[in-house]
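Let us start with two forms of the same protein chain, each given on its own as structure tokens and named structure 1 and structure 2.
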Structure 1
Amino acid sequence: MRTRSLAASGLGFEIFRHAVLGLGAVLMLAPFVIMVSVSLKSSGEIFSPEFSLLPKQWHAWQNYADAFTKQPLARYILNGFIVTGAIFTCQLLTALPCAYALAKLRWRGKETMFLLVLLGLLIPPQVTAIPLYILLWQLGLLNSYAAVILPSTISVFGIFLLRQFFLTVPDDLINAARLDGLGEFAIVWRIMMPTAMPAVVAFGVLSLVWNWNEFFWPLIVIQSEHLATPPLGVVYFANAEAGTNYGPLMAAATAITAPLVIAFLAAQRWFIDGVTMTAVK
């Protein structure tokens, strides 16, 4: 009996596959290439009618220097790290214990709690914007780091993801830990968290990507330049330069996109696993 290859085979098909996917990849990557290319050119060259990938005269140094000196771009990027770091820490501190209780403990109120998590998953973040804005206004917290961080301190998505993962952890592991005299808190942080590392990392990168790129909420609550998150900073930049000075603008865009792109390329598998994990509901 002849074993058939399951993948479509043949040289003709391989050429077709690479032709189509190659064209697709070029189109998907083109904006990144244009961004970097423009960030290297002088404005004269940017507005010349013929486009070339590399500049005839390198203007990279001036563009990047402008990007970092005309606006506090380094500050925006630092803010991005502060905000995303604080948010993920809070999300993990609340989600891990809750997910453990939902997956492994028997208690009255468990079904209700899980229902609340599922309800939370249905609500897009923009829905809560007006009441949360009013709440932060009454607390006098508008235009502060707290205003950006507080609404994201809870992640129902994180609870859900970690719970799904914890369900696959054998009960024997937890019982053994209890026999060793560990309390429930110690079990969460010393047994469950290390076991759930793949899920925690996947959740972490998704949280980082989401909050680094978030524009809607910071746009609403932040007015001061020194508190701006990266996307907001780029908008300040675009407005200040009135949309004509593309070289430094693209340099700024490159600078705020770079941390995530580098993180993605380094931890690609985690990102993709994280996304697919959410699909396996």
Structure 2
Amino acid sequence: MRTRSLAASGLGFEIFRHAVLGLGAVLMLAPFVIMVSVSLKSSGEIFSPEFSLLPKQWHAWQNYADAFTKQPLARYILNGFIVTGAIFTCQLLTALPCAYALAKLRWRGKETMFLLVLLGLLIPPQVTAIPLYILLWQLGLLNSYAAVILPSTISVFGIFLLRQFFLTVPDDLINAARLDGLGEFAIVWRIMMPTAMPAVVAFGVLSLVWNWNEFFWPLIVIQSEHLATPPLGVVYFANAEAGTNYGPLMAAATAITAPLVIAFLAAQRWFIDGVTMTAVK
């Protein structure tokens, strides 16, 4: 009797948990579903008092054609790939050796340095905005790709994430590599990086999403429209051409969001593996 009661309470908890997760999923996805729905409709149907997800008359081609022709939307997306790709490459080049040193090497001050890394996670990027802006102005780098890329080349979150993954790698593997004559840098790039590929992919997805959607820093260092990143491009698009024409505006937002969705779906398995494995330690 007691076993049956526990099974019933467990089933009730599972139903409640799935209901809460389902409700959260609906709330999270609703804005994106409405965005895509509006991008397929004509202006008259968008402002119609009767709302439906699917349009009665498809206006998708006109909306998406306006999104790519009235403003250089393809240029904004290309700028997003250039900036996020360069930032992630620099972050990976710095985070891998740092994480390896914090996880597997013995040196004085290691714990203090790791504490500083943790403190770095608590500092919002807006705190250093003014000093960085003055530095880039003195170097003559404002209004360039470098102005957007350089402040984000070191990621303390990436160092922390990879360090947590490296702690799960057996020391015997590293000792065997040393016996084979590999140096510490060779171990990082030839042993640790392939082993940590799930964590690298998870970090790559998070870095892509964060830097692709970054609006604050590009807004203050970019003045030329042809250097605008995707979020800035949407603002330029809304101000210059779309106005209250929400069909092309939502089409532009959908086109800019699509690379993030595709990247996450393509790396979903590795992303989940990387996050769960780094949470073990």
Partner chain sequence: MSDLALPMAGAATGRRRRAAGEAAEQMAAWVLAGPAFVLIWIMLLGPTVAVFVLSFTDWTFGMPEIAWAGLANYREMAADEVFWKTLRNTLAYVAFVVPLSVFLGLGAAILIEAGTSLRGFYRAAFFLPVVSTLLAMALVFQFAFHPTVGAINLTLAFLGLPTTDWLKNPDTALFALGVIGIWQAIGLSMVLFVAGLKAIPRDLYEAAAVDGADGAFERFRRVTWPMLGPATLFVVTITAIRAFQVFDTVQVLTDGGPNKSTNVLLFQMYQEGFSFLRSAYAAALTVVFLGFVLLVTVIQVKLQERHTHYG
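The term rigid core refers to the maximal set of C-alpha atoms that superpose within 1.5 Å between the two forms. These numbers were taken from a predicted model, which means no experiment stands behind them. For numbering, take structure 1's sequence and count from 1.
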Query raised in the report: The same chain appears twice here, once per structure, so which copy is the form predicted alone?
Result: 2
Report task. For Q57, decide whether the Cα shift between structures 1 and 2 is 2 Å or greater, given a superposition on the rigid core. Result -> yes
Query raised in the report: Any CA movement of 2 Å or more for S43 between structures 1 and 2, core superposed?
Result: yes
Report summary line: Aligning on the rigid core, one finds that F16 shifts at its CA between structures 1 and 2, in Å, by 8.2
Requested in this report: Look at the Cα of F264 between structures 1 and 2 with the rigid core superposed and state its shift in Å.
Outcome: 2.5
Report summary line: Expressed in angstrom, the C-alpha movement of L27 between structures 1 and 2 on a rigid core superposition is 4.3
